[in-house]
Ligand code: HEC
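Below you'll find only one chain, the form predicted alone, shown as structure tokens.
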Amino acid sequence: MRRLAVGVWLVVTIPASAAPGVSHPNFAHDIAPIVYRACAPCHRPGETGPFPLLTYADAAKHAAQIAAVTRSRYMPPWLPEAGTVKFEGERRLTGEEIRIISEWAAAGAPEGPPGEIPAPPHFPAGWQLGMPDMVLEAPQAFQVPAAGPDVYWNFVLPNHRTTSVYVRAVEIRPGGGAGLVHHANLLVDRLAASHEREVAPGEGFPGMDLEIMRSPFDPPGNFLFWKPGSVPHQEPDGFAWRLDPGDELVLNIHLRLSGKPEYVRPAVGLYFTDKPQTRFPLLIQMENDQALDIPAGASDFVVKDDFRMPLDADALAIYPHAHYLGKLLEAYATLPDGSRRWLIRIPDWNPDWQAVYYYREPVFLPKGAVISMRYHYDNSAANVRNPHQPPQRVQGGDQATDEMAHLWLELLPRGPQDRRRELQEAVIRHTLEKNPKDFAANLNLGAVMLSRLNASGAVSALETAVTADPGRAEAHNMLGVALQQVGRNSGAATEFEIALKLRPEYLAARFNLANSQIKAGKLQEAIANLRQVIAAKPDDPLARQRLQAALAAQKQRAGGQP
């Protein structure tokens, strides 16, 4: 303070940026390392960030904005709460890093010695992991409308390989404008039936949360998730997944509209390994969508699900999922000794930043541990992400304006053998406890019962499945197999015929129908069906064997006629 001659006291504040002898953070030494690590992967040409952050000029121009969004922890986008569990690739800034950024911006964003600014990170212009071993491109581009709600589209990618391979990594290139593709999931269709859902050959089909029917004996075990700015996940030795001839790949993408018509034609790169799969994780899904009936104005609507572990396992990764009313998302395990172990806690859910999170160290879940999902939803007007203003009643559903309560976990059962079946059966029965008429759960339970030679139990589960969804060919075919095993051959033939009406190219159902016709003495019909199977699969030894037996029986019958 200085005394003026007239006796008036005047308080003079010296700005920190002007205070003599005070050292402030600068870009060269303090800010560049933070920005290059946590911001540049998205803030660069071709990615989702609205402006680049690769140079001092880029950062200085947005210094105040960077300070504000990091101080509020809006950026960088990292949803899990600190201090609960540690994940790979965390982009969360420390409190000290946030303080440094704020101080730097307040000081006028000093550059520091230009010659000491580190080189910006290098990002490959093409495939991040190098040239893939196989590239699958969408057969046709999809036109994204200029305006309207978000679009969810599925591209069916045919696989023309003639031998099986093991895939260690997947990389997805969106094939459209920056920011157009929000995220994508790749699914493997072992039944090769997804093309039947296309609006026209090669054009794909709509749908947000896609369900692909899979055998319970070959369930999915790896997350195949992608979002802009992410580094493709590479599976360790022994964890690669198998791609068989004829498998279809389905790319499910979330598209954000840009205000003008645009086209996307994504491509998927697959990276192979000569290391076969020796470790067998399983993706399990906890959910309780049937409990989602959120009244308008409800600010804390809670949905729960609990699953008891039937064996010892390690959690490798986690993927929580809700829509725009989701607020607080929690998942934890209560151990047999009563202690709690966090799996994830997200205090401010934002579906725009959803991701798969890989644990830095596997989380051990002993037999008897109870995994709990607790999701809190805010359907009030105070929720800035509420798609309905004023709020409306919201129920579970596939649209973005509906809601979901899903939690996916990648679990690796402990032990030297493949123990997925034991874990999968527990998950199936857990689903049926909540929804006894669930189609997929009954279908999979039927398959499990068949594998355990419990054909009568399989018939019961599969009859429930075909009643729940009579338009699914695979359910009718499997029910036919179970009916054959309990001696109901006529009913089995009827189910195989229904399956073929629904899906004429379904070779397994045609082969099974031929076997049923042989048992019924309908040799001519059986021979015709077996010839169709062999025409499609000339190297099928079992079909050729059955055909020769049917022809021999027909010849013997003809020889015995008067």
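These figures come from a predicted structure and were not determined experimentally. Sequential numbering from 1, following the sequence displayed.
The next section is about a form of this same protein that is not shown, the form predicted together with the ligand.
Proximity to the ligand in the predicted complex, taken as a non-hydrogen atom within 4.5 angstroms, holds for one residue of L507, V69, I527, A28, which is V69. When the ligand is considered in the predicted complex, only one residue from L93, L243, A138, M449 comes within 4.5 Å through any heavy atom, namely L93. Taking non-hydrogen atoms only, I498 never approaches the ligand to within 4.5 angstroms in the predicted complex. Among heavy atoms of W353, some come within 4.5 Å of the ligand in the predicted complex.
Taking the partner from elsewhere, P413 is found to have every heavy atom lying beyond 4.5 Å of the ligand in the predicted complex. Of the heavy atoms in Q65, some are within 4.5 Å of the ligand in the predicted complex. Across the options 533-541, 519-527, 36-44, 498-506, residues that bring heavy atoms within 4.5 Å of the ligand in the predicted complex belong to 36-44.
Scanning 429-459 for heavy atoms within 4.5 Å of the ligand in the predicted complex gives no residues at all.
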